[in-house]
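Encoded as structure tokens, the following chain is the form predicted on its own, with no partner shown.
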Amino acid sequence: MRYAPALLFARLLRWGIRRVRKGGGSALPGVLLARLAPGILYRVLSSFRDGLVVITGSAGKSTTTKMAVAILEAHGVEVFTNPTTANILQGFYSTIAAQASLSGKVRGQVAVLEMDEGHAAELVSKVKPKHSVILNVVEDQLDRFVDPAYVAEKLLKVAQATTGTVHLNADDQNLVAFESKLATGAKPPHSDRVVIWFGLDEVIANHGRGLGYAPTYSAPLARPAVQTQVFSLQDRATRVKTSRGELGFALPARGSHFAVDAVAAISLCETLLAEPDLALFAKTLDEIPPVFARGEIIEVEGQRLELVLVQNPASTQLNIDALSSNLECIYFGIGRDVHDPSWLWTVTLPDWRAVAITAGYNANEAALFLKYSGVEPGQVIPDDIPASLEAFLALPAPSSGIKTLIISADVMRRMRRHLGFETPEAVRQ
């Protein structure tokens, strides 16, 4: 019961915050628990019978984690995970505060956690993952990770710390370069590390502008032999070939980047499960809703809204490319989380005539980008998310019946809080 007082204080703080602000209490309880009982995180993550699984990379962590957890649970596996996408250390502490008994124990056979690239490298120095999934390296916001090579170094530390299987994206040259380093580098004690490659058919991976992975500025390396691969992608309809057979399903949202998430989750779950049922894989992926704001469709005041989260140049380009070029009613919200909005100018927009509402803390900078891209920015409403949302809802419905909101994470959180969605699972497609 050594952790009981700290856990109790963290839960009381969470309860108090949620009494004042619906949907709050996801950060401060973790900060408090980390201060009062810093060792609880590493004790919990070392306690699972089937070990710790780390899912990391620049983009796709939340969707891959959600897919993997859903497949495992469909097979009867009890999983400890971070469902709110809180993927930094304080977020893990918050998850423990919410789920642990007062003795500091959590339920589950395996821990499957999405982790921010920087925080993952720090955590695996203390708790070795049994399995890891590394998705990609993309150009990120300059104030966050200045150089993709720095991100690759962090992700390599995760791979090197893994004692079992390392699942790597064969379409990203940054990760292909890991192969020789993992083969020649030292292994953790009691390690039987194996590298497993997943990816897309090369035609799919290179379609349009490609997948947005950061260039390595080195001579291209040979593509490794891929064990799990997407060989067909038509809109959301996807077919995957594995060493055990083939399966088909519909992705939760449009875009080849979501196919990468799916094939990564399939690769991982085939490893974790003693008797993987590919038909159950397909059924589970068919039924899984989008992770919130990743193509999620919600209903507000009788109107259907599609939420499209953008976080960096690559995710913005990929998500906009997956949208129709004939959108009639668009909300473009860039919030406080984008400290340097200059990266917007690297994005190529489709032939939209106008954006109806431009909003968020960086609304003026976003409007300037839209204007010089040949898109009329419409009504510009800086930083007042409730007012901008009400103005958007007041607009006539488009012919498709769905209005589109392209938003950064800060705008997404403020908007969901204003609408009263208390948890990521409060809304389903």
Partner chain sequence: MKLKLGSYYADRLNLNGDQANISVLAKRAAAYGLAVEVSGVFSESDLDGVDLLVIGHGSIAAWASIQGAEELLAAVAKAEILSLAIGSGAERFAAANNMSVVSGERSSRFEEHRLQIGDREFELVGYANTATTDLKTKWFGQAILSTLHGPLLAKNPQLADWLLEEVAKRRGAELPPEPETLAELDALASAARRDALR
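These numbers come from a predicted model, not from an experiment. Positions refer to the first chain, counted from 1.
The following text describes the form predicted in complex with the partner chain, which does not appear among the structures shown.
Only one of 216, 242, 311, 163 comes within 4.5 Å of the partner chain in the predicted bound form through a heavy atom, and that residue is 216. Only one of 325, 206, 346, 180 lies close to the partner chain in the predicted bound form, with a heavy atom inside 4.5 Å, and it is 346.
Contact annotation for the candidate site: 77, 80 and 275 all lie away from the partner chain in the predicted bound form (no heavy atom within 4.5 Å).
With the partner omitted here, the stretch from 36 to 44, 364 to 372, 385 to 393, 399 to 407 that lies within 4.5 Å of the partner chain by heavy atoms in the predicted bound form is 364 to 372. The partner chain is not drawn, but in the predicted bound form it has a heavy atom within 4.5 Å of residue 139. Residue contact with the partner chain in the predicted bound form: residue 339 places a heavy atom within 4.5 Å of it. Using a 4.5 angstroms limit between non-hydrogen atoms, residue 146 touches the partner chain in the predicted bound form. The partner chain in the predicted bound form comes within 4.5 Å of no heavy atom belonging to residue 231.
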